[in-house]
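Taking the form predicted alone, here's one chain by itself in structure tokens.
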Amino acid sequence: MKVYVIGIGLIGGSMALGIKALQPNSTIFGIDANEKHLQEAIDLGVVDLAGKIEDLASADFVIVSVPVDVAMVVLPTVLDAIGDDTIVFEVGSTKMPICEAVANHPKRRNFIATHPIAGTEFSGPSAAIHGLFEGKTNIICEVEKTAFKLQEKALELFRDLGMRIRYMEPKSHDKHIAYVSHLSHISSFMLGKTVINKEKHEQDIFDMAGSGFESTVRLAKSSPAMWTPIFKQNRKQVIKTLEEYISNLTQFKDLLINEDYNAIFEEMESVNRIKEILNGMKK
């Protein structure tokens, strides 16, 4: 089996490791605009060899794992180069612009739009993790536009990697992911900014930072090169979620100003049920 991974970072690299564990005799080719990343991936054993777009006609799978703005440019070129039996999937955090970019391509049937809900705050080939996708959800969009036998080929791989499959329309995906992922990253970045700005005068803030701060600000270590295009592509949905979030923060501030601690208690208690929701998701 021949697999080409375009963009060898956390997701693409972890996919490569997972496929190699499932199919030891497969050959994983890496394609990356960053030559140092490509060589590092080879040295680490994440991929076997360097690949070329021109060679994609013989590929069984092509995994496009690049920033979402780059994916919109790369995908049509990839689809131009593949063979009839090749399945291509892209794994970015926005789906509507991606689906629109390939909607009229003659080989649209060879493409399946996916978003594995998995990852860490780290990037690059060294961030690749064995078993990253075990028990994780993979969102599939517009599955009906992919040729049935190629759908089955991709879905079998996803299930073998341990992923749960969820089907969703691109617009719904982008709306919901703005709440549970994109807003989380913005919150983390802005908390980090708030503390960094204050730290110029109060080093004690960092001396006192505990596990709560560390876990909340963890996502602020994520790659701006990846996240800026995501915010750009999902701008409208992200703005809506920010407006709601800011409204809730303002309301909380007003409760403090008015010393309404009973209301603050009730607010926090009502949100405690998030534990039940998250525990239910893990089952």
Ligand code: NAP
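Each residue number is its position in the shown sequence, starting from 1. Because the structure is a prediction, the values reported are computed rather than measured.
We do not show the form predicted together with this ligand, though everything after this point is about it.
For the three marked residues, 8, 65 and 118, a heavy atom of each sits within 4.5 Å of this ligand in the model of the complex. Here the chain stands by itself, but in the model of the complex one stretch of 163-171, 141-149, 102-110, 87-95, 87-95, has heavy atoms within 4.5 Å of this ligand.
For the chain shown alone, residue 70 is a contact residue for this ligand in the model of the complex, at least one non-hydrogen atom being within 4.5 angstroms. The closest non-hydrogen atom of residue 192 lies beyond 4.5 Å of this ligand in the model of the complex. Taking the partner from elsewhere, residue 123 is found to have a heavy atom lying within 4.5 Å of this ligand in the model of the complex.
Taking the partner from elsewhere, residue 155 is found to have every heavy atom lying beyond 4.5 Å of this ligand in the model of the complex. The contact residue chosen from 33, 50, 44, 239 relative to this ligand in the model of the complex is 33, the criterion being a non-hydrogen atom within 4.5 angstroms.
Proximity to this ligand in the model of the complex, defined as a heavy atom within 4.5 Å, holds among 183, 82, 129, 74 only for 74.
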